[in-house]
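Okay, here we've got a single chain as structure tokens, the form predicted on its own, with questions on binding and movement later.
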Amino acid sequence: MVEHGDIRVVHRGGSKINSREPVVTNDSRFLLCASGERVKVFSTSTEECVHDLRGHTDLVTGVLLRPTNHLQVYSCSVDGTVRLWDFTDGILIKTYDIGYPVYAIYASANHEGVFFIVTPTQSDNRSELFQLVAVHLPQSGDQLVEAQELSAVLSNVSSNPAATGFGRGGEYIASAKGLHLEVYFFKKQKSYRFSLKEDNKKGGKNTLMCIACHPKDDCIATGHEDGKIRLWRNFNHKKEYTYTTLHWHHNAVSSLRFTPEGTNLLSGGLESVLVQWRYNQESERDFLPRLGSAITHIAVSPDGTLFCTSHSDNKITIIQSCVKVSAVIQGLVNGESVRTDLMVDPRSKSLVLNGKPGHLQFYSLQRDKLLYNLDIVQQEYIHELGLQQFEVVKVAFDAPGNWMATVEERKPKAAEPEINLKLWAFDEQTQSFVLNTTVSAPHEAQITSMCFSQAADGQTSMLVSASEDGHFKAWQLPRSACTEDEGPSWSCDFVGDYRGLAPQCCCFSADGSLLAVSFQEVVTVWSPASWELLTTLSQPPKAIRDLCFGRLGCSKYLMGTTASNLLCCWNLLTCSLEWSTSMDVSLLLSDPLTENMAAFCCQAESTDLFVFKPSEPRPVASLKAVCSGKVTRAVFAPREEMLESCEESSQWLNRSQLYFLTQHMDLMTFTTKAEEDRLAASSKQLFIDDSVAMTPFYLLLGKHRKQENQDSLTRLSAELMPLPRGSLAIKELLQSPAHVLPSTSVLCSMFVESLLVSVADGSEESKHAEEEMESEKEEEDSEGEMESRTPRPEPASPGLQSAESAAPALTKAQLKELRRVKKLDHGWLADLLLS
């Protein structure tokens, strides 16, 4: 996480969930996996994210169930801490400060009070030498504990967590790196090292990729680069070791795992096939093929009922022990490169970019979940190295989200590129896009830019595409000339060019009344209504790379970047250059909801961000070194709820959130410190699901009881005086589980003080009560005096009683006046009557 004052750069949605091996809980109800700087807890039955464990400030590199408590889990991170969580409630219990980056974590039930981590040999986290270290947990009641007792176990180990594992009963730990297998015995405090030749007799690569230790037998399984699996035995004697070889995979074995009883061995690799080997009966195998992409990790639940496989397309597959897929948790697919720009679907507000080969993925940034994949190429993808196949390279949406345009291309060797332009209509019934028009070879060369006209509702939709063939074309949907069976289809309405130059980029104004097309160093402005060339804007030599119209109050400005590292601003009213500055802008984009624009600038192998308004020379915000490398893909996504930021430097994040892709294909975003603290606080709150299943019993009795409870609560609230708000101490006691709270002696004083009434409030309330008691006593004395001085009235007749009972009730003012009259001395009237 990078922090710039009030603004932070964090992994938000779409972080990788396949970077480390997932963990399944003892009851197989939940699955935990590392996801960027967080640990996500998924339900294995519903595939929904139940909790989001936040607290680490850098990438999480490992998740491990605590051997002594099956409801708690460890997580380690490059930030140099190991954190203990209660994953059922999503609460942080304890933080162990290691002081060094941690890349893997291991633990065994036989080593109580100790866990093992992999850290760099030197304090520099860029070191390529790693060591296995035992960390003795200090006995402290504090939430933040500094781990001081560290002892090295093995040196020169691999940072890959799959290359190290505990053996039977925690008696030894094995680690593989390169061509060497090292086994350390704790009782002997001695290690044995076994080596292999780089190539075997048949030319296979013997490099060790991963290991797995048998839970009940002295056997170590190692996966190799040539696809072989070796089962090592008698390794407690350096010269008498033996191994047997299993071979089915044709490429490197990426993961191995024994089942809890040790009856089966699971293996996976590039073939996207899960292989289940029978232990000691290796000729018997079961297969689960066509899992979609290469297997990177395999995990098994402690009870052996579920298998989990992580895949290279950022996916986790949950498999039953009968080798049948039961659920799939799909993250944001991070391919080798994103050819399309980052786009936001106007309807679902989801992120749209390249997904599986030939597909577009629609990813919800709010829910951090894949909505669906859309097959664009509609051809079977062939996994063969060097084979040229169709790829989706461009995508665009119109303003209402009714139409989507895609460009797919294939570049065969020694042949002209094949290009297809497809237009998709949104189907209300399926809530997805359906192919409407396919244009083969829309241009004679590669398409460089494409955009929809942001026209108002009711106007005809228009698409403009620019190509290296020297032309830009306008595609329009005719209002008529369509049959009932086929429906409307798109056709070319206009072809434009300028002096034989190749157009590089195009952009519509916010109201759709202007179209700007750049031809090398010249910007042409056209009227889409008449296709008249209105004006040309020139600038110093070098080609224009990006064009962007201003919005709202800045709609009269046109921004552009050049290959000579200039950022230019033209005034469309005067058709002149308003201002320019020297800046190496790698990406320029505008916020559709505000006047702000964002410019990513690459300097000294890192990227800076400048947020500005075209009408003001001073930047709204300036962030240095937001990431390493160059940023070429970014997008503004509208927020569901507007933020209320008081800091001037972060007000540009109030209505939209800026997402960008790094050179390592990590999706990052900008948030404020207040927003992060609010999310962290909300993740610590306990959420009790009181939903009841819709059964006939619930329909008959549940609603009736619910209504009764509401009526009783209404009556109580009307009768009782409002109580004071609960203090922080009471909230902490009621919302936190008992097993994560400090001792009672610590919280007792806070709790008792919260129950006491302050002296000022108590004196005011007692004074008010004394005044009321005195007034009531005076009223009783006056009433007694009246009764002693006035004779008893004669009994009234039944008619009078009915008349009095039928009389209307007195108002408060009348009652007050009656009490005042009662207080008067009427003794003289009684004496007068008696005389």
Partner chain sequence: MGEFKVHRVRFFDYMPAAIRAMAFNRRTERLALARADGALEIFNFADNYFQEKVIPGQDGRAVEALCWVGRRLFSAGLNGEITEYDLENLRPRYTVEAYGGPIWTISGNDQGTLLAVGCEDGTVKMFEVLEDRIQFQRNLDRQKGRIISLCWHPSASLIAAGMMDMIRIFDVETGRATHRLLVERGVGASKSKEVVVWSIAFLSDHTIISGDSAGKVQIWDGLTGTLARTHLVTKWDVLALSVSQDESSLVAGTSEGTVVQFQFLSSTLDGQNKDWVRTRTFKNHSHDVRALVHTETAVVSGGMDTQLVVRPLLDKVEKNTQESAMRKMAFPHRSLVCCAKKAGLLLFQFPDHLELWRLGESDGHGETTMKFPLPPFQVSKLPKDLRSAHQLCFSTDSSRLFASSINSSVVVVALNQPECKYLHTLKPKSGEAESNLILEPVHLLFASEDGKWLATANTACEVQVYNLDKIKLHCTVPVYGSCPTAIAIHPTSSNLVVVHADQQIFEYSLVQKEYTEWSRRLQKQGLHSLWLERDTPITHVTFNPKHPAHIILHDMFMFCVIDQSLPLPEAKTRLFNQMILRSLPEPMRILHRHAFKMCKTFQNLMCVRLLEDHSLVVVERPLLDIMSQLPAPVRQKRFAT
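Positions refer to the first chain, counted from 1. Note that the coordinates shown come from a computational prediction; the quantities given were computed from them, not determined experimentally.
What follows is about the form predicted together with the partner chain, which we do not show.
Contact annotation for residue 115: none of its heavy atoms lies within 4.5 Å of the partner chain in the model of the complex. Contact check for residue 239: a non-hydrogen atom falls within 4.5 Å of the partner chain in the model of the complex.
In the model of the complex, the partner chain sits beyond 4.5 Å of every heavy atom of residue 584. Contact check for residue 666: every heavy atom lies farther than 4.5 Å from the partner chain in the model of the complex.
Taking 418, 218, 375, 493 one by one, only a single residue has any non-hydrogen atom within 4.5 Å of the partner chain in the model of the complex, and it is 218. Note on contacts: among 148, 139, 143, 283, the single residue with a heavy atom within 4.5 Å of the partner chain in the model of the complex is 283. Exactly one of the stretches 519-527, 92-100, 241-249, 504-512 approaches the partner chain in the model of the complex with heavy atoms within 4.5 Å, and it is 241-249.
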